[in-house]
Each structure stands twice: as C-alpha cells, then as structure tokens.
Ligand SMILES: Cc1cc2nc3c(=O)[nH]c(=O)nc-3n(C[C@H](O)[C@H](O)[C@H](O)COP(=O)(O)O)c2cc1C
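Only one chain is included here, represented as structure tokens and corresponding to the form predicted alone.
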C-alpha cells in the first residue's frame, strides 16, 4: 500500500515512523536500523562527549545506511551549550535535525539557508504555532502518555494531536502512547502525518546500549508502572516506577528544590539504570506504552509487524 504523506516526502523515508531522540541510547546501531527499515533513525547529540564524537557517530551511521537519518538536540539541559555540536551537523550536512526541550529559535535560525530539515518537539498548541512561525518544517506533538519530558498540562495524545493539526499548516507527527500498527493508524486518523516512537524502540535488539534488565522491565511492566517526576521543577517527565523514583517524589512532596534533587535526577543516575541495570540507584525513562510491549524484536521485525497491522486495519476499513 501507499504510505506517502507529507512527512515521508519531507524526510525522504518509506514509512512515516520516526525514532525518538532517546538520551544516552540513540546511537548509530539503532538509528541505522530504523532508517534501513524504512523509518527515520536518530542520533542523540547532547549525550555525546564532544563534537568529534558526534562527527564519528554521524559517519558511522552513514557507513551502515544510505538512507536519511536525523540528529536530535535536547536543548533544555540546564543551559548546557549546544552550538558547537550543532556546527558538526551542519558541516556533515545531515538530512534532519530535531529539537526537544528549551527554545528552538537559535537552532532554527542557524539552520536557515541549509538543506537540513527542522523538526521541533512540542507539547502544546501554542508551542506548535510558535515553531511554525519560526520556520520549523514539521512539529512532533507529545501527549502526556509519553516517556521522558512532557508538557506541563496533562493533555493526552488523542486530544492534543487534532488540536495542533487544526492550528498549524505544517505536517504534524504524533508521539506518546504509540507502539504498534494500531497506534500508527490512530495517529493518522487524528490528522497526523507520521508518528514518533521512543519507548518502543528501546525494547529492540539494535538498541544495544540499553541493559537487558531495562528492556525486560519494559516487557514485564504495565501502563501503571510509570510515574511522572520533576513536576515541582516545572519539567515533568515520565519514568519507570521504582524505589529511586519514589525517593524523588518524596523529596518533591517535601518541597525540596533542584539542589536537593539534582543527584537523584542526574544523567549519572539515569545511566546507572539504563547502562548497568542498577535500578536501586537510578531511574529510566519510559512511556505508558510499556504496557503494550510484549517482546524484544529486531527493528525490522517491529516495523514490518506494525505496517502489516496497519494495512490489515486499512483493509477492514475499506470493506
């Protein structure tokens, strides 16, 4: 069947499926696998230690696939500078740059005049309108079901996506709670022209940096096994519920500020869980879609299954 949408045409991909930025996990193996399967894989730039490391990762992706891929910039990490990392993407002329967190204005302005496509993750209608005004080529809209950082308003994907579709003229990509062919078709029926998946791509064989215990937690857990932390800091984010996140929530309830929380919510605490499987001393991002994850397939197997599920739905609808 024909899967062409404005998103597939914009990005030069076969299927309207984008892999999320996935801090500390989205590297060449996963990105190339997603792109080779017909979607858009991504590298997470700001998890890398240096501009040279990013350049090497971009070149590694290119050695593994001839298809388009993206570089994600998580720009809301307490003011960590990103400009030197962005220059590498420009020098390497990557096909796509995506922006999550923070103010995307500097990146969009810097990319003006290049051929690089600009995608911005938003969690509210006004943010989407602003991204379009700034010159974004498309927006990715995440509902409160999603993993990682979310919007401050608890608006679900099924309500938020059509709001944004009606508010902007650029393509909309749905994110949050999507992990199979039914989610893909639901997103398209809401007016989105593509989907972004984060949590589901962690539970794949090519997400080689994720510890097996992390992947097993995604398979065994239910939609009730996530919790939102950092609300008190104005940066709500969904994680797997465990003892460590319970301590974070207790500190927040006690009115503790960033200085008291920073060791608990740090990148080091995140890496202890996702790299070492040390859930007693760390946390891991995950969306409610973990309740729909039942296996750890290859990216190709997952993508083929999703497309088959979606095409079966199309056939039923056509009857």
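Residue numbers count along the first chain shown, from 1. Since the model is a prediction, treat every value here as computed from it, not as a measurement.
From this point on, the text means the form predicted in complex with the named molecule, which you will not see here.
Peer 1: Looking at 249-257, 280-288, 27-35, 50-58, which stretch has residues with any non-hydrogen atom within 4.5 Å of the named molecule in the model of the complex?
Peer 2: Residues of 280-288 come within 4.5 Å of the partner.
Peer 1: Counting non-hydrogen atoms within 4.5 angstroms of the named molecule in the model of the complex, say which of 193, 206, 145, 180 makes the cut.
Peer 2: Spelling it out, the residue with a heavy atom inside the cut-off is 145.
Peer 1: Can you pick out, from 89, 123, 161, 197, the residue that has a heavy atom within 4.5 Å of the named molecule in the model of the complex?
Peer 2: By the 4.5 Å criterion, the partner-contacting residue is 197.
Peer 1: Between the named molecule and 8, 69 and 187, in the model of the complex, does every residue show a non-hydrogen atom at 4.5 Å or closer?
Peer 2: Verified in the model of the complex; spot residues all out of contact, no.
Peer 1: With a cut-off of 4.5 Å between heavy atoms, is residue 155 one of the residues that contacts the named molecule in the model of the complex?
Peer 2: Result no; residue 155 lies far from the named molecule in the model of the complex.
Peer 1: Even though the partner isn't displayed, in the model of the complex is residue 13 close enough to the named molecule, meaning a heavy atom within 4.5 Å?
Peer 2: Result no; residue 13 lies far from the named molecule in the model of the complex.
Peer 1: So, in the model of the complex, is residue 244 in contact with the named molecule at a 4.5 angstroms heavy atom limit?
Peer 2: Answer no; every heavy atom of residue 244 is more than 4.5 Å from the named molecule in the model of the complex.
Peer 1: Would you classify residue 226 as touching the named molecule in the model of the complex, given a 4.5 Å non-hydrogen atom cut-off?
Peer 2: Outside the cut-off, so no.
Peer 1: Does anything in 17-54 come within 4.5 Å of the named molecule in the model of the complex by heavy atoms, and if so which residues, in order?
Peer 2: In sequence order, 20, 21, 22, 23, 25, 44 come within 4.5 Å of the partner.
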